[in-house]
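Take a look at this single chain, the form predicted on its own, given in structure tokens.
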């Protein structure tokens, strides 16, 4: 099933068909999306590097918690300093909260001083559903071999309170640190929290 998922994904022009949620320890499904600048980006082009996928909806209070505090940007910067690829994905459908055009996504990245490797647009929600992305934010980490090694929340404080960030365990940085040290990810799956992804009906 996953092989078919990946094969069909590569064959399609812009997005991946959904099958089931991704499984930790298995190969992550490949996909191709258009970025905020109108360029096609395919997950497989980053093979050999660790990749973080971050689902985003700038209208969500939980996303605002991590962006307004600078926590998401700090996490992105720390990851990228270690050579990690960071792909922010917006699966909001047109007319729904969080949906953005490419120009609006560019403005969001500039305004928040975010530093993702790229910001990808998934207005039909095909990739989001293929990954089983439920919330914003929802984080996935894929190792250099293409295997999914983490999925879940950014941290262990499922609130929209900025004050909770200081005492939280940042699951993303913890997992990336373990990968860098050549260790298995000790907490490989957690419950994501945030707003529901605003998929098309």
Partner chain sequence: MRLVSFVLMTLAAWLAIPAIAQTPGQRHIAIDLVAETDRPAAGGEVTLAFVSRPEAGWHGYWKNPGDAGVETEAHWTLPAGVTVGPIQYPVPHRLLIAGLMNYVYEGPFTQFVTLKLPAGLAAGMRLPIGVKLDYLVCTEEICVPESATLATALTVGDGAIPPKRRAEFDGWRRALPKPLGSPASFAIDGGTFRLGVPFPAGAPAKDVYFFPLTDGAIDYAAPQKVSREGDLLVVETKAKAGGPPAVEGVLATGEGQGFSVRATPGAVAAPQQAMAWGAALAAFAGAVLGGLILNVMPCVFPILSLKALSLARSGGEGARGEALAYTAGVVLMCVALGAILLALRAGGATVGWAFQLQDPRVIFVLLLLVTAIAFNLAGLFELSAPGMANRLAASGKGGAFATGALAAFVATPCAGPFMATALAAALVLPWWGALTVFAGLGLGLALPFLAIGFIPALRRRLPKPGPWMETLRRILAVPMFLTALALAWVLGQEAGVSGMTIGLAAAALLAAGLWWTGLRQAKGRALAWLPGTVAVVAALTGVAMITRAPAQAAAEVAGTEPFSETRLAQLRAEGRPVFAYFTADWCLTCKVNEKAVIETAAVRDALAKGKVAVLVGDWTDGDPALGRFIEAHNRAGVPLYLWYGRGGSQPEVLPQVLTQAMLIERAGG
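Numbering follows the first chain given and starts at 1. Model, not experiment: these values are computed from the prediction.
The following text describes the form predicted together with its partner chain, which does not appear among the structures shown.
With the partner omitted here, the stretch from 38-46, 140-148, 54-62, 169-177 that lies within 4.5 Å of its partner chain by heavy atoms in the model of the complex is 54-62. For the options 69, 27, 159, 34, the one in contact with its partner chain in the model of the complex, meaning a heavy atom within 4.5 Å, is 159. Using a 4.5 angstroms threshold between heavy atoms, residue 50 stays clear of its partner chain in the model of the complex. Of the heavy atoms in residue 103, some are within 4.5 Å of its partner chain in the model of the complex. Contact between residue 183 and its partner chain in the model of the complex is not found at the 4.5 Å heavy atom cutoff. At the 4.5 Å threshold, heavy atoms of residue 97 reach its partner chain in the model of the complex. Shown without its partner, the chain has 191, 193, 194, 195, 196, 197, 198, 199, 200, 201 in segment 180-201 as residues with a non-hydrogen atom within 4.5 angstroms of its partner chain in the model of the complex.
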